[in-house]
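One chain follows as structure tokens, the form predicted on its own.
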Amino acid sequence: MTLPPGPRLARSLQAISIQRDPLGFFQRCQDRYGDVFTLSCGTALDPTAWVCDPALVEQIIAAPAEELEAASANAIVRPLVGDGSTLLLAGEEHAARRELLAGEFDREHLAHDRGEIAEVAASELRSWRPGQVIALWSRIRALTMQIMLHVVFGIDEGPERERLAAGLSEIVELSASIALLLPRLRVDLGPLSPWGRFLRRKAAVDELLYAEIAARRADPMLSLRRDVLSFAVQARYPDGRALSDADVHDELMTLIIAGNQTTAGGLAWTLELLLRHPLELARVRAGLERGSETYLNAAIDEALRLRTPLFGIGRGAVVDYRLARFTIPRGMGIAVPLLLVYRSPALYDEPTLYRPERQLRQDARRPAWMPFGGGIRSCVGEGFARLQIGLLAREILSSCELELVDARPERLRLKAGALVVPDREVSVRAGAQHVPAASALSPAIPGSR
């Protein structure tokens, strides 16, 4: 078989390079080896062919599960989400779980969630004072975590929620360890070692989550609750089977890692890019003043393209798979560096520039799978993610003035194996407060223009 070429760096050096400078490393690989190259890390499969050509990516996204499946490649996040996560299910089991949970993200549930998200956002914004310097990235992650625990998990405000928020945030930070990319480093050398600290914090969070699941099952008012946790413990497959406590736990962890963290990233990057482009920010605010969210949605979509919160997606070859002039043998990984592909000149003119107006044009080259994926592995919570990013961005931009404290360009790095984050905290200074946009705009359908 003809395998794609690739660097001869040791796996550990490849992993460090990906984590510290993901975009630069993959650009150098593409420049040297072409649109398809082989690395020994990045997914749970070794080796993995990384694909940068949008046409080939379209082929991969559309491939049936009998040829390419995601569970084996996604196993890199098993320590975070557990074996029962939808991310790690394959075939009919994956399809059945996806159908079981999809109802929680329908239009009726999103309409209900909208008001609760707005309340949490309003409470957060009331705490911002003119002249206050805000650590934007940390603040946004904390805000979306509170929304996740209140709206999605249905956990009331109090000590338990604060402990769970702190614990979840801590294990996400600890997962930035290179050990997530290199399983051989997952060695527990005690509570002071990186992996040992992660395991102990994860165990503490698991205990809190299982206690919450048990309490929810025993809640006499369970049938009246509308949150995802309550939905999951009541859900039944067509044959009457229910999700186990472990399955519910793993789906909650998946929502935190694959849902909450990427939503926080999408919102934070949108704000950061708009603050660096005052003319675009002015166009967004002018639209909001007219009661239109069209340009705001375009600004969000462009941020998700240029700073996509999820660096890549992976598949595993179920059969010997033909990919351009290469044959990928069964059992080998295939992955897509989304952050690089979304900057392809084959898709956009001047693709490295932030230009929201391009999202308003009818462009036949724009792939349907951008930025929430496509096919059987598309994001089941896309509507909720768009609702949350759009509503929070609108409230923040309409409620107060913000300015960057440090205008230096942000460098990108990876956390938890695939989350795109800034290399340093993004500090902004809050200015004058305004009347929130929520009072002037009618509710919009998530993802609508």
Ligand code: HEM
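All values reported here derive from a predicted model rather than from experimental measurement. Throughout, we count residues from 1 along the sequence that is shown.
Heads up, the form predicted together with the named molecule isn't pictured, but that's what we're talking about next.
Remark: of stretches 271-279, 133-141, 287-295, 257-265, the one touching the named molecule in the predicted bound form is 257-265 (heavy atom within 4.5 Å). Within 4.5 Å of any heavy atom of the named molecule in the predicted bound form lies no heavy atom of F37. Although the partner is absent here, R377 sits close enough that one of its heavy atoms falls within 4.5 Å of the named molecule in the predicted bound form.
For the chain shown alone, A385 is a contact residue for the named molecule in the predicted bound form, at least one non-hydrogen atom being within 4.5 angstroms.
Within this chain, G390 is remote from the site of the named molecule in the predicted bound form, having no heavy atom within 4.5 Å. Proximity to the named molecule in the predicted bound form, defined as a heavy atom within 4.5 Å, holds among G82, G154, G373, P351 only for G373. Checking H94, R216, R366, R186 for any heavy atom within 4.5 Å of the named molecule in the predicted bound form turns up a single hit: H94. Contact annotation for 79-102: residues with any non-hydrogen atom within 4.5 angstroms of the named molecule in the predicted bound form are T86, L87, H94, R98, listed in sequence order.
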